[in-house]
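Form predicted on its own, single chain, as C-alpha cells, below.
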Amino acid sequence: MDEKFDCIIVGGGIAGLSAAMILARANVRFLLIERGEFCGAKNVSGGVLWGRDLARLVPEYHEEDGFERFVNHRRLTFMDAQSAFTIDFKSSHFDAPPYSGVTVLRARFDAWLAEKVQAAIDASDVADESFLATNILVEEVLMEDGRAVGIRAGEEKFYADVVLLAEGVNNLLTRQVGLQADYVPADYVAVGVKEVIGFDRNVLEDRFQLRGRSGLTNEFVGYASGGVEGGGFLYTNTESVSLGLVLGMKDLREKGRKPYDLLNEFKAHPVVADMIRGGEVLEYSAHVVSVGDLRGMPREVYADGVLIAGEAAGLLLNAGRAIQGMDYAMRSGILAAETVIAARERGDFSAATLKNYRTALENSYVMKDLRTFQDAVHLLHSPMMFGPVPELICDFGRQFFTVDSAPTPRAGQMLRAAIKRHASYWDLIKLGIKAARAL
C-alpha cells in the first residue's frame, strides 16, 4: 500500500463506514483504518439508530440481521425512589420499513455494515486499491505546510489527498490538526454506563409486549440518575435489553458519585427490577459521550486536507424526544464523502473547497436540529429536571391513583399540594417559559 490514496478514513464506526460506502460506490480509492480487531470491536453495545439514512446506504437492510428490533413503542418515565409515572406511546404506524428507528448492538451492527462496505469495494472499479484495515492505531496526522497529507501508524506512513477523522469522542487527532484546542471540557461530555442483559426471547417479548421484530425504548428521568445530571434508558434487542445511564461528567465529579453504583441503584428501583428480573448480565461497558452542547464542538469541521465527522465533531443531541447520535454520524459521514467526491472532481482539497462540507452539514437536519434544540439541551441539564419535576409528577400520580375509602380531592387540589411539597409556582412558571421557548 505504498501509493497515495484519494482519502484516508480514521475510524471504522458508523460515520467512517457510511463515508466509505459512498466513496466505494463512486470508485474513489480509500483506506479506512480501525483500531479495533474488527469494526465495532471498540464500540459500546446498544442504542437506537434513528431516521432513514440506513435505508439510503443499504436499501434492503430490514430484510437482514444487522439490527435488533424496529421501534414502534416509546416510553418516557419520571421516577422518584418508589414510584414511576410513564408516558406511553405505541403505534402500528411505525411498523413498516424503512423504520423510523431500529435498536442495534454496535459490535454486531458495525461489523455487518463493514461487510456491506467490503461488498461495495469488491463491486467497484477500484477493488484492488481500497481497503478496510483493522487493528491499527493511528498516532498522527501528517502535516505539510499546514495541510493534512496522510497519517502515521507506528513506523508506517500512508498518504492521501484528504483525511477524514471519524475517531469518536476521543479528539486526539482533531487536536493535532488544530481544530480543537484541548480535550472537550467536562461540562460538555457525559459518562455512559451500560449493561446488556440477556433473556429468553419469549420472556422478553411477553414482558415488553413485543411481537416479531418490534421493539420498545424507555427513557427515565429523576431517581434514575441519583440526583446527578442525566437520565436512564432501556432498549430492547432481539434477546436482550440494553440498560444504562448517561451522567454529566462535571456533576458526577462534583457530587463524588460512581457511575456503577448509580447503575446498581437504578437497577434496584422496583419498576426497573421488575423489568430485568431473571435476566443475565452479558456485558458491562462505559463510554464518554458528547451532551449535544454546541460549545463542545471543534471550532471547525474542515481544514486544508481534512474533514471531521460523527462524534469527533460533537454531533449528538438529547433534546428529550430521543437521544440522537448514530443517525448524525451516518449523515455526516455521507456528507463528508460527497464533499470528498466533489473535491476530487475539482482536483482541489483545500479548505476553500472542503468548507462545502460545513455548508452541507448546516443545511442538513443534523445542524438544524442541533441549533433549533440548544435551549432544550440546556433545559434538560437544569437541576429541576432531574430532581423536583419528576418527584412532583410521581407525587401527583401517587395521590391521583390512590383509593382509600375517604373523600377524594379534585385533581387540581392534588396537583397544587404536590407543587407545594416539591417546588414553587414561580419555579414552575420559569421552567414552563424556558420549555415553551426550547421546544
Partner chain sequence: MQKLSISERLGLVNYRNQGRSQATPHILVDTSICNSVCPHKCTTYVCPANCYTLDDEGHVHFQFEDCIECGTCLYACDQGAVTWRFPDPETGRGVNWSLG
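Computed from a predicted structure; not experimentally measured. Numbering follows the first chain given and starts at 1.
In what follows, reference is made to the form predicted together with its partner chain, a form of this protein that is not presented.
Engineer: Which one of these stretches, 360-368, 260-268, 316-324, 227-235, sits within 4.5 Å of its partner chain in the model of the complex when only heavy atoms are counted?
Structural biologist: Residues of 260-268 come within 4.5 Å of the partner.
Engineer: Looking at L172, L294, V203, A351, which has any heavy atom no more than 4.5 Å from its partner chain in the model of the complex?
Structural biologist: Of the candidates L172, L294, V203, A351, L172 is the one lying within 4.5 Å of its partner chain in the model of the complex.
Engineer: Just one of V246, A160, L252, A343 has a heavy atom within 4.5 angstroms of its partner chain in the model of the complex, so which one?
Structural biologist: Contact check passes for L252.
Engineer: Would you confirm whether the three residues Y183, V189 and V288 all fall within 4.5 Å of its partner chain in the model of the complex, going by non-hydrogen atoms?
Structural biologist: Per the other structure, all of Y183, V189 and V288 touch its partner chain.
Engineer: Taking heavy atoms only, is E219 within 4.5 angstroms of its partner chain in the model of the complex?
Structural biologist: The answer is no: E219 has no heavy atom within 4.5 Å of its partner chain.
Engineer: State yes or no: in the model of the complex, is some non-hydrogen atom of K116 no more than 4.5 angstroms from a non-hydrogen atom of its partner chain?
Structural biologist: Heavy-atom contact with its partner chain at 4.5 Å: absent for K116.
Engineer: With the partner left out here, check for me: in the model of the complex, does some heavy atom of F131 sit within 4.5 Å of its partner chain?
Structural biologist: Contact check for F131: no, nothing within 4.5 Å of its partner chain in the model of the complex.
Engineer: Hey, in the model of the complex, is N135 touching its partner chain, heavy atoms inside 4.5 Å?
Structural biologist: Heavy-atom contact with its partner chain at 4.5 Å: present for N135.
Engineer: Counting only heavy atoms, which residues in 92-124 are within 4.5 Å of its partner chain in the model of the complex?
Structural biologist: Result: L105, R106, A107, R108.
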